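Presented below, as structure tokens, is a lone chain in the form predicted on its own.
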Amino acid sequence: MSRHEPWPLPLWIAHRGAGKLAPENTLAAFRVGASHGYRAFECDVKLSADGVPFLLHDSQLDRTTPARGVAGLQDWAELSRTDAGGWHSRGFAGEPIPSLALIARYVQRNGFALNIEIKPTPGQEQATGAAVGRACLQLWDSPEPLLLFSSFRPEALQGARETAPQIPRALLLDTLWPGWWEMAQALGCVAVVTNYRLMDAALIERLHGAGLRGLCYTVNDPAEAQRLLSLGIDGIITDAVDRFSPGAVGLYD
């Protein structure tokens, strides 16, 4: 896939479903993001102890649920009963941790695109990528699903490549560490997703010159969004779903 071939994601992508407006990585968040006009979403996926892909950012359950401990060490039957909404606000109390299967049904029924960040429990990088890739081929019935895999962990992307090579991949970068360029090419990535502070004219030119897309996270400031748009950025992942209009040519309607 090059910049001239079909691309699964619109320019504006809602971070973890709806940014800060709803409990992250829940179906409720996706619905809130959709209510603001978003048609593409980013979420974090890892594996339960019994191999079920589910949505959660942290390795630990402590921040976004009343439970404690490493999420990936618990079976899905237990995780599925965990309240992932009450920490955010009373109105979302009881919102469960969703499985990837649940989110897959929701986005497909609505024609939405999805950026799955593969977020493995430490030590399970390759296995998580492989399992997520395998699951997506089973869950998406389209021959060209509106999907993008991304990860900070090259091993996770390699795992996804082995089981679902046809789903495009992107390397996530918080720093431009030595060898990142060669790694992105070795993994067959079609895009690089960086911390927005890293993206400048030289980097986007290098990416585009090699036929790669350039995306940024997590862009919440209008001035930064405008700077990136002027550079020709291909994707903006944002928490500010109530401030940036995904249907606008610029920042707003």
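Keep in mind it's a predicted model, so treat the numbers as computed, not measured. Quick note: we count residues from 1 along the sequence shown, nothing fancier.
The next section is about a form of this same protein that is not shown, the form predicted together with a small molecule.
Participant: Evaluate R227 for contact with the small molecule in the predicted bound form, applying a 4.5 angstroms cut-off between non-hydrogen atoms, and reply yes or no.
Facilitator: R227 lies outside the contact set for the small molecule.
Participant: Give a yes or no for I237: in the predicted bound form, does one of its heavy atoms lie within 4.5 Å of a heavy atom belonging to the small molecule?
Facilitator: Yes - in the predicted bound form, heavy atoms of I237 and the small molecule come within 4.5 Å of each other.
Participant: Does C136 make contact with the small molecule in the predicted bound form, using a 4.5 Å heavy atom cut-off?
Facilitator: Flag for C136 set to no.
Participant: Does the 4.5 Å heavy atom contact test between R169 and the small molecule in the predicted bound form come out positive?
Facilitator: Although the small molecule is absent here, R169 would stay clear of it in the predicted bound form, with no heavy atoms inside 4.5 Å.
Participant: If contact means any heavy atom within 4.5 Å, which of 114 to 122, 141 to 149, 68 to 76, 81 to 89 contacts the small molecule in the predicted bound form?
Facilitator: Heavy-atom contact with the partner occurs in 114 to 122.
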